[in-house]
Every structure is written in structure tokens, then in C-alpha cells.
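Encoded as C-alpha cells, the following chain is the form predicted on its own, with no partner shown.
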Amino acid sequence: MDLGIAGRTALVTAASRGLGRGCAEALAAAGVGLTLNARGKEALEDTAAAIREAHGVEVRTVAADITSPEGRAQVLDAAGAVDILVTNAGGPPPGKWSDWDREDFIRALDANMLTPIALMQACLPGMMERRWGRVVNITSGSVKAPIAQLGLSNTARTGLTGFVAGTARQVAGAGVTINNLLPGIHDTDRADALDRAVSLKEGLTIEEARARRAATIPARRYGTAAEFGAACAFLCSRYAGFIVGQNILLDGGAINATL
């Protein structure tokens, strides 16, 4: 299926592995040139090299902390005119409500709310001027159904969701769409970390912890970065111009809700 975005340019953050890489690979397969960002230079360069070889598109890399003003400026300068923005960041550490102080919340807000907002504020004017743009924020299923041990993530990502709900309606008339993808459990480093935490806490093997969690998902498995990336690429396609301000779950049916 031709998504109609060959020759467009995309900026993808936290793109060296996991869901961010899945999105970058799917966009590259559709002919989109990429600017990829992550903190770790080695993993980022390995990802870029693999995408160039597989898809023959231009891939720029910027190893920088996207949550800092300096890192963000460096990334945006390298990206130039951005047609497609995919925001992504690792989630805050799990814990209990009594574990966190103000600084913990500030760090979570910086990474999972304020940074994607700042990136949108930087990229939206150009998209609107060119009368075309796509923004996809990778958030979490926790904005639909909070996860008790992920209170920092619940808080920050729900704030981002509120910003998108209002902003998406203001820019849609200029041919720019903003939507959120809400992952459930996918086979990524984040899932491994959460499974290890359960394993240590409850005296289970990693395999036992993983199998127990997979059993709670109607699909009876974890999602893959490739299928997540395909959903992202569709939201960035020419066919998705009438999808505005939506929060789309990719969780294998784990959240039991009518709406």
C-alpha cells in the first residue's frame, strides 16, 4: 500500500530501539527521509545504518538529550523543515505514590509532557505554513486506564493528552493532524525492565513473569515494534487526514472498555 508520503521528512525521537525504532523503520519503508534522535550514540548509529541499508533513504542522526533546551535546539537544527514529527521518550521508573517527590514529577513532566509539547510548538508553524503535517505522540495505555505503579507516567502523559486534545482541533484546518498512539505491553526494553522488577519482587523467573503478564492480554502475547510502527506510518499517511486528536490503543485488548 502506497502511503503517499515518499519524499517527506520526519523527526523521530528516542528512535534507536523499541517503539521509536519501529516507527522510524516503517516511515523509511514508505520512502520518508529521517532525522533520528536518541541519547546513546552507538545504538543510534547502528539503527541509522540498518535503516539506510534496508530502505535507501537519507537518515541523519543527532545523539542528544531531547529533554534539554540545548539538545532540542541541536536536533531541530539538524532536522530542518519537518513534515512528520514522532515524539517518544522512555517512561519514568515505577514505584508507589509515596515514593515520589516534586523533583521526580518535574523529571517525568519534562520527558513525557513538556518535551513533546516544545517539539510540537517548534514544528507546527512550518507544517501549517506548508499546509501539510503529521504529528504522532507515543504515549501510553495508562491515559485510558491508569497503572498504579506507573503514577509518574500516568500524570505526565495525561497532561500531554490534554494539550493534544485542544491543539489538534486548532491546526487541523491547515492540513496538520496530531494524534496519540497508546501502547500496551510490547516486546521492548521497557517491558523487559518491568518484567525484571516483578521477577525480583515476587521471586519469579523472567520467563514466568512474562508469561503471567501475557496471559492477562486477550491477544495472549506482547505486541511488536514492527506492528506498532505500521500503525504510526498509517497515521502519517495521506489517508489519515481526517483522523484528528485521537488516542489510539495498541494493547492487544488489554484495557477492557467500550470506548
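Numbers follow the displayed sequence, beginning with 1. For clarity, every value in this text was computed on a predicted model and none was experimentally measured.
The form predicted in complex with a small molecule exists for this protein as well; it is not shown, and the discussion that follows is about that form.
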statement: Only one of 86 to 94, 102 to 110, 166 to 174, 116 to 124 sits within 4.5 Å of the small molecule in the predicted bound form by heavy atom distance, namely 86 to 94
query: Looking in the predicted bound form, any heavy atom of residue 135 within 4.5 Å of the small molecule?
result: no
query: Is there a heavy atom of residue 129 no more than 4.5 Å from a heavy atom of the small molecule in the predicted bound form?
result: no
query: So in the predicted bound form, does residue 40 come within 4.5 Å of the small molecule, heavy atom to heavy atom?
result: yes
- prompt: Looking in the predicted bound form, any heavy atom of residue 16 within 4.5 Å of the small molecule?
  reply: yes
- prompt: Of these, 191, 50, 204, 29, which has a heavy atom no more than 4.5 Å from the small molecule in the predicted bound form?
  reply: 191
